[in-house]
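The chain that follows stands alone, in the form predicted on its own, written as structure tokens.
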Amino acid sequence: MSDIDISTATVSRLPRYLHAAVDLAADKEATVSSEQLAALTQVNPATVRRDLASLAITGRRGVGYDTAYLVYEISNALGLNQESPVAIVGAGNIGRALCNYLGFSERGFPIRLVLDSDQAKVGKPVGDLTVQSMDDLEELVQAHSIELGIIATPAEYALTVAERLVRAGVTSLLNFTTQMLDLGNHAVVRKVDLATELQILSYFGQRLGTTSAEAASQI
């Protein structure tokens, strides 16, 4: 993992730059300008330059950034140059869907464990894995050197699960429940609330619909 200290806002944009750079490299594009990268990622060109400069990545005037170098340096900053094993807690609909998503492994996050407290699910296959019992969480997490935990349980169990994962040595958590998790400085938690995202889309969708209707009425 890179020890470069960069802002949270910059970190949130790095995966977009990486995705664009990977696609460009696949298309045999040797270089990319900040303007091109900005257009591909919908980020202001000046912001692109500042973000990359914070990683000590500089381009050549009139040429741009070396695409392969961008992929390497951004991957290094995000800690993607080595695998980070993942455990999913919760073998319900979301947990099973995440288990079957191949994109995690392709990006260096192999799913090594899926756990559940429901004995009716324990022992059942999910993708290439078998659901393990929550009774063995601590031992399994340590045995598989789990670095990231995904919580896909009912909301009322999320905090207990998070605390157990942290005690087992996991310090990075992705929370798919509606429960807010405050673990202090013991873990980094990112929350994924699909319902909230749909509500936000609904709001902007209504505004776009109204604007489109007004524009159409003026034709």
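Here the structure is a predicted model, which means the values were calculated and not measured. Position 1 is the first residue in the sequence shown; the rest follow in order.
Just so you know, the form predicted together with the DNA exists too; it's not on screen, but the next bit is about it.
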>> Residues 175, 194 and 199 are flagged as a possible site; in the predicted complex, is every one of them within 4.5 Å of the DNA by some non-hydrogen atom?
In response: no
> For residue 34, is any heavy atom within 4.5 Å of the DNA in the predicted complex, or not?
Replying inline: yes
> Heavy atoms within 4.5 Å of the DNA in the predicted complex: does residue 47 have any?
Replying inline: yes
>> Even though the partner isn't displayed, in the predicted complex is residue 58 close enough to the DNA, meaning a heavy atom within 4.5 Å?
In response: yes
> Closest heavy atom of residue 9 to the DNA in the predicted complex, within 4.5 Å or not?
Replying inline: yes
>> Can you work out which of 155, 68, 188, 63 has a heavy atom no more than 4.5 Å from the DNA in the predicted complex?
In response: 63
> Can you pick the stretch from 48-56, 22-30, 178-186, 147-155 whose heavy atoms fall within 4.5 Å of the DNA in the predicted complex?
Replying inline: 48-56
